[in-house]
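Same protein, same chain, two forms; see structure 1 and structure 2 below, as structure tokens.
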Structure 1
Amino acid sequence: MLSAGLPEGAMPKLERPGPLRERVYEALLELITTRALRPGQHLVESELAQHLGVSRQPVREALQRLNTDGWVDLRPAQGAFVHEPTEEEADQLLTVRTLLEAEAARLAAAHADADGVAELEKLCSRGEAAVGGAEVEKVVEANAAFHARVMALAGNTVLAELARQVDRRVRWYYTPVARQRGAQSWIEHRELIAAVKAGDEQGAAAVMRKHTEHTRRSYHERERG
């Protein structure tokens, strides 16, 4: 059943205003990236339509687009399934992420002012509080917000656009290891803030490289459930 394993209220019905097919696509993609819909899970059009409060047509269109974008597998005579990423797929993407974010950290150290550093400290405190409360979803959100802010402080629009292209898949891979990474991830964030505040470009890049490599290793060492 589709609803098995879905948290209570995880799939709200969509309001009608706006392009419906886009709203259905975004709703399903969010459920996939947060792993409310888990890799390998069977996606039944009629059940999705019922949960979202729409007809089957926009759901069918969304599933086709998700298939094109690599989030869903359409199997002949079987239906739609959430894509199960291979270890190689994850490794390639997380390696690219390291390259992008290490450069972003270097540029952030070169350009960030006191206000930018204060914003990073505020986001870090938010993440630490979420870890303390064992709130995995909030940890993932805070982690994404922190890394997005570092990218913004870098001030390179091309780099930021490349990062946006991989951001959702990074969240997808980070979610199952967020608890495992725990407080250590935020200790590393504090180290990064210190390097950015000091204007230490090479130090910031090195900290970010080590940080993202730890996440990549954690993904490969994760417990599969």
Structure 2
Amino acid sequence: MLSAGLPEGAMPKLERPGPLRERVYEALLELITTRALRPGQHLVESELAQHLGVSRQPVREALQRLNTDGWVDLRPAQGAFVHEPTEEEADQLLTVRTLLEAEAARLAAAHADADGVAELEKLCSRGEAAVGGAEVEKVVEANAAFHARVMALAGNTVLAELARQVDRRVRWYYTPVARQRGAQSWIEHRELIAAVKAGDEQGAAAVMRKHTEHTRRSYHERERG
């Protein structure tokens, strides 16, 4: 048997390419989030297939999943179009995000142990360091990691799944204006950690609500500029 006390990482993990549709999905998502495929653009299956070096089949399946996730609009007998974000929808997304994140913070405050808090503090330090340097990418990534960790501490996989989708779309809308909020954001993160540490459910939820509302406001302010 292989189970004879072998450490988990001992096996080379042999790189399985995974289902092709998944890779196509990720590839297209990357192209959309990076604006290489622009909102409103008509996505022709055969072109994408040829461009990616695969058949139409995986492309179709990827497009359908992108459709259910709200990234593309799939008009019958006409094909896929990259979704065009509207002001209203962005606002709705941010509202939902606030809701989900606040609940996650509350649950995290209720369940988190010392280890979890330590994890958050480490991520927070990393984020603050990234703010020091001017690498926008790093900051955004650190921010996502922090929020994901809070969500994990909440221990509700259904909630986490919804938040994951919403967050990714929010980030899509929000990335162009992300550079604005830097240091302030991480101060609020520290406040959140304190509330979680104290097991203060109401406080944690309130802090997170305030936090996400701030990002929402900065989004709208950017719009006017």
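For clarity, a rigid core is taken as the largest C-alpha set superposing within 1.5 Å between two forms. Each residue is numbered by where it sits in the sequence of structure 1, with counting from 1. Being a predicted model, the structure only gives us computed values, none of them experimental.
- The form predicted on its own corresponds to structure 1, not structure 2.
- Superposing C-alpha atoms between structures 1 and 2 shows the smaller rigid body rotated by 34° with respect to the larger one.
- Core superposition gives H51 a CA displacement of 9.5 Å between structures 1 and 2.
- When the rigid core is fitted, E30 shows a C-alpha shift of 2.6 Å between structures 1 and 2.
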